[in-house]
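Below you'll find only one chain, the form predicted alone, shown as structure tokens.
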């Protein structure tokens, strides 16, 4: 498998995010979101974006109506959400869903243009080097906040769509590998602990 990377110009373009996607803020709620069982509108808050960019629809809080402050457009599948506060700026792709869904103000919303695959953009944003840059761009004395204008200035490498698909597949494979390695390491630790205990008991019995 060969993928053209951005150090192999002219096969790859590097662009400001604002030229590749539209960015908007989530809805500013006047108070904490309170869940209403069976209500028609799901709300995505920053904490709903998982470590691997997954958004669990069944765990979202639901509300009856949306406050008027901010852009209250409903989210559409394929939009990319990014945490905008704190020290971690995880990104995830809005999955297919039924009914209305909005994002809270702690989330920035990106609608990728035709040059970007949503999964590729989310993977790029979640990469360690991009996370470091996002932290550097955030401001705020108490709680770091990443502004929409700063996100729009982020430079994004843009391989061909075919290469983006390959890169997304490689990223998925890497995440599976890391999960397996973490599990093996945990099993090794348990094995070592049990062995230490067994050998200590054996020594005491001599």
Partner chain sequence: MDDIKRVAWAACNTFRGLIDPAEYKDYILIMLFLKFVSDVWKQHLEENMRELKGDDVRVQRRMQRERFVMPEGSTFDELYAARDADNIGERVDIALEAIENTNKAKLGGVFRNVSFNSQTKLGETKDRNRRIKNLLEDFAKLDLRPGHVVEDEAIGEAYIYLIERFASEAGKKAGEFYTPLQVSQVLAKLVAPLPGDRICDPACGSGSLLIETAYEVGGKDFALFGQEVNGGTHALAKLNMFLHDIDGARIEWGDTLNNPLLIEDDHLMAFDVVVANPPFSLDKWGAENAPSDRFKRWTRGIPPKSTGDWAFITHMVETAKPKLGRVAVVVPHGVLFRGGAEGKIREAMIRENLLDAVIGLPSNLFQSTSIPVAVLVFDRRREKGGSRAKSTDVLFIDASRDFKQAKTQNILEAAHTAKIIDTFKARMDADKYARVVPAAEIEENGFNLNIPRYVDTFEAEAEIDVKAVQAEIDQLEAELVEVKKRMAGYLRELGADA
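The model shown is predicted, which means the values in this text are computed figures rather than measured ones. In this text, rigid core is short for the largest set of C-alphas that superpose within 1.5 Å between two forms. Positions refer to the first chain, counted from 1.
The discussion below concerns the form predicted together with the partner chain, not included here.
The shortest heavy atom separation between residue 167 and the partner chain in the predicted complex is within 4.5 Å. Proximity of residue 65 to the partner chain in the predicted complex falls outside the 4.5 Å heavy atom cutoff. None of the heavy atoms of residue 14 is located within 4.5 Å of the partner chain in the predicted complex. By the criterion of a heavy atom within 4.5 Å, residue 177 is counted among the residues contacting the partner chain in the predicted complex. Within 4.5 Å of the partner chain in the predicted complex, a heavy atom is found for not a single one of 127, 132 and 135. In short, of 51-59, 27-35, 135-143, 150-158 it is 27-35 that has heavy atoms within 4.5 Å of the partner chain in the predicted complex. Along 161-192, a non-hydrogen atom within 4.5 Å of the partner chain in the predicted complex is carried by 163, 166, 167, 169, 170, 173, 174, 176, 177, 180, 181, 183, 184, 187, 188, 190, 191, in order along the sequence. With the core held fixed, residue 183 shows a CA shift below 2 Å between the shown form and the other one.
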